[in-house]
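Presented as structure tokens, the chain that follows is alone, the form predicted alone.
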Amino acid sequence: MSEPGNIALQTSNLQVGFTTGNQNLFLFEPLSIQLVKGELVCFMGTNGIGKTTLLKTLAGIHIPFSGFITRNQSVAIVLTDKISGSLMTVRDLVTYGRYPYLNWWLTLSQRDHELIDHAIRLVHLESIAGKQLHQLSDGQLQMAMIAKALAQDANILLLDEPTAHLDLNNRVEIMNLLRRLARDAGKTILVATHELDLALQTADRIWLATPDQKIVTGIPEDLVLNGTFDQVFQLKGFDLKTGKIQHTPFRKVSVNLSGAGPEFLWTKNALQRNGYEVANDATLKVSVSSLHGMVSFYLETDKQTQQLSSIEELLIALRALTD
């Protein structure tokens, strides 16, 4: 448990859901969970389980059926809604983060300008602050939306699928940004996401919504090792404990592989993907070595040793021996 002074947000017996007709639909059992200052938390679960509704409830947009939310700090939320007004600039969009605090004449103070500039710097958008939104990539637009939330000067950020529909490079950039904001800027960040691989590598804590309407919390590594992720997602053909797709050794040939570093790991990946079993007691031996940036592969049988310069050459030589 966290020290009381470190808790940024907590709920007590919170019942979340919505009303259809005359019937209340409860999405989760009564929730008593918390967010800790300076942590990046990834909120995960299957589609339609209620992640967005819970985020909106924590932000005060959606009214809970019962229970309490205690916030020690202000909250900003970033949803996946489409932006209208694509002719506005990045700076214009970030400025909207200050609008809730402006007077009737919408006059920006010196403090407002400072917070806008600070938000743009935090997200490293200085070079594109004058660009119009229609000129941005999807990743840049998402960064601008995060900067808008930061301009509100809120210490708790709630984000709904901030990496949806982005390529790998942009997904990694945004998750690293959120990690940095939590660690260096002291923000408390809750992200609803489907990015299992990135969540496991960046999140301080996971909220995992289960089919029986519970939310299990814990650090990523514990939830992997105790099988909670497997129970929720029922991963098919993917070994979460190793982070790799499970390959069937369809060639019925074993290879004794030795080496170190990324060259070893990618050679092992290629061998398993191509149907070879990697086993320490195999008589067919492959060794990988790297010297001054040059990688060499040695294929050894009881008759000869071949030196090869690429994994592709190694696979060709193996097939010639075993097929």
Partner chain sequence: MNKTSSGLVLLIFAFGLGALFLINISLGSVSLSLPEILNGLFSKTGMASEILWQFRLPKALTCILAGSALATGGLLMQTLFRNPMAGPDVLGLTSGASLFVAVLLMASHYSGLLLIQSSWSVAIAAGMGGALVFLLIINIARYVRDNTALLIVGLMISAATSSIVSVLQFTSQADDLQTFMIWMLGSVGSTNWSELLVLAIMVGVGLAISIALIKDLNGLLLGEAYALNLGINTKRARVIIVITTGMMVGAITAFCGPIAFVGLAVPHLVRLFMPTSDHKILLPAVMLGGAVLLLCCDILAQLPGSTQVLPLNAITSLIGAPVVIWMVIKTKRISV
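Numbering follows the first chain given and starts at 1. Computed from a predicted model, the values in this text were never measured in an experiment. Take the two forms, superpose them, and find the largest set of C-alpha atoms that agree within 1.5 Å; that set is the rigid core.
The same protein has a further form, the form predicted in complex with its partner chain, not shown here; the description that follows concerns it.
For the residues 225, 87, 168, 219, the 4.5 Å heavy atom test against its partner chain in the predicted bound form is passed only by 87.
Of the residues 76, 253, 125, 174, just one reaches its partner chain in the predicted bound form with a heavy atom at 4.5 Å or closer; this is 76.
A residue is said to contact a partner when one of its heavy atoms sits within 4.5 Å of a partner heavy atom; residue 134 meets this definition for its partner chain in the predicted bound form. Taking the partner from elsewhere, residue 56 is found to have a heavy atom lying within 4.5 Å of its partner chain in the predicted bound form. Its partner chain in the predicted bound form comes within 4.5 Å of a heavy atom belonging to residue 83. Although the partner is absent here, residue 93 is a contact residue: one of its heavy atoms lies within 4.5 angstroms of its partner chain in the predicted bound form.
In short, of 182-190, 239-247, 141-149, 201-209 it is 141-149 that has heavy atoms within 4.5 Å of its partner chain in the predicted bound form. Residues of 213-243 are not found to place any heavy atom within 4.5 Å of its partner chain in the predicted bound form.
The Cα shift for residue 310 between the shown form and the other one, taken after rigid core superposition, is smaller than 2 angstroms.
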